[in-house]
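Presented as structure tokens, the chain that follows is alone, the form predicted alone.
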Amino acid sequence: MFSRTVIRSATRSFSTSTVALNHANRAIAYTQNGDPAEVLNVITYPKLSPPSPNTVNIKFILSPINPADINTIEGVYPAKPSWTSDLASSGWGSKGKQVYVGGNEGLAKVVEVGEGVEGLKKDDWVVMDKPQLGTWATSRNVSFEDVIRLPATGLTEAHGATMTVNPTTAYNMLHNFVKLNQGDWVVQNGANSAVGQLVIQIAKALGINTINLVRPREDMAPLHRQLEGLGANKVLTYDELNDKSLRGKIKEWTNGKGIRLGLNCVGGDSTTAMAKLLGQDAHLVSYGAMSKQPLSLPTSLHIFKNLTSHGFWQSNWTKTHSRAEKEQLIGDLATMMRDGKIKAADHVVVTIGGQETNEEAIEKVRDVFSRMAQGKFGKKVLLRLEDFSG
């Protein structure tokens, strides 16, 4: 835990003793890039005014902490926060100082609708359409075009909160590069990652088979059971890629049909070996580089197998597709979640309570990020911020 003395020193300018009674809202924010466990603070700000035309006031229910959120705070991620404000009335810092509110993904409820808003009403659940809106907050006012209504009832809060990053990435990679039919095969590495597990589930729902590569460990049985329980057809380790008999086994599994789609979030030698398993006219889609090693592909794969290599970033997809396409995507995923075809991510909820002072809340938030950096959670962390009532 962080020293309370340190926290008090860092937050003296916006101690709760200076907060007016109408400052019911809270946000997790920062003014400079750096280690989240050092630069994040919790601030209070006034209750929202009635929404102006074409905007809605929303109240956040749950908001996840994703790896990209941490990279954004550190200043090493391509996406930059878009919600900035001097928040002078919060009492934090000097007038005109930029405040960046963390969070890219989240589930919110519409609490008030402005004039001219179409397709949204009070109590609708919504997810974010615009990247980097600042979702680690209690409430905020947004353009109605910056959120998308969840069309399917029966969703859990965790489903809604984690809707727009990992599930959309998995769904789009399975749909946007190769026209896959029932019975086709896909190979992926990082299969036990959040996206990898969603690829397995969505592929199963579509009748598509998956070969799933993971890092070797002493006891593989639990991971085999976990991924096969999600719908994985085959689970292999990267070491098994060196087995000369593997190609023959794959040919038996696929009945001689070539694998036309490979999904890569690792890079390095294991991805090179995985690419060699792909068939004629296949596509390799890279969406991460967890090994921090470059992607190296034999020229022969391009010449003789006509391999095509792509990169994929969901934020770019969001920027380049119509609202109707995004609503369709969210609708399809929400239906799959409602029907039990996609499980909610294994998660833990961290609540910033309304009775906690800013100093106590900051200490809790920074401790969460410190523990995440040490790998002590092992689950998706979802934030719930309560209105300040201390």
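These numbers come from a predicted model, not from an experiment. All residue numbers refer to positions in the sequence shown, first residue = 1.
Here the subject shifts to the form predicted together with another copy of the chain, a form of this protein not shown in this document.
Q: Would you kindly say which of 270, 209, 286, 193 lies with a heavy atom within 4.5 Å of another copy of the chain in the predicted complex?
A: Contact with another copy of the chain in the predicted complex is made by 286 alone.
Q: If you check 98, 141, 306, 226 against another copy of the chain in the predicted complex, which one has a heavy atom within 4.5 Å?
A: Of the listed residues, the single hit is 306.
Q: Any chance residue 316 has a heavy atom within 4.5 Å of another copy of the chain in the predicted complex?
A: It does: once another copy of the chain is placed as it appears in the predicted complex, residue 316 has a heavy atom within 4.5 Å of it.
Q: Does the 4.5 Å heavy atom contact test between residue 171 and another copy of the chain in the predicted complex come out positive?
A: Heavy-atom contact with another copy of the chain at 4.5 Å: absent for residue 171.
Q: With a cut-off of 4.5 Å between heavy atoms, is residue 299 one of the residues that contacts another copy of the chain in the predicted complex?
A: Judged by the heavy-atom cut-off of 4.5 Å, residue 299 is in contact with another copy of the chain in the predicted complex.
Q: Spell out, yes or no, whether the shortest heavy atom distance between residue 237 and another copy of the chain in the predicted complex is within 4.5 Å.
A: Close contact is absent here: in the predicted complex, residue 237 is far from another copy of the chain, nothing within 4.5 Å, heavy atoms only.
Q: With another copy of the chain left out here, work out from 249 to 257, 308 to 316, 193 to 201, 99 to 107 which stretch has heavy atoms within 4.5 Å of it in the predicted complex.
A: Among the listed stretches, the partner-contacting one is 308 to 316.
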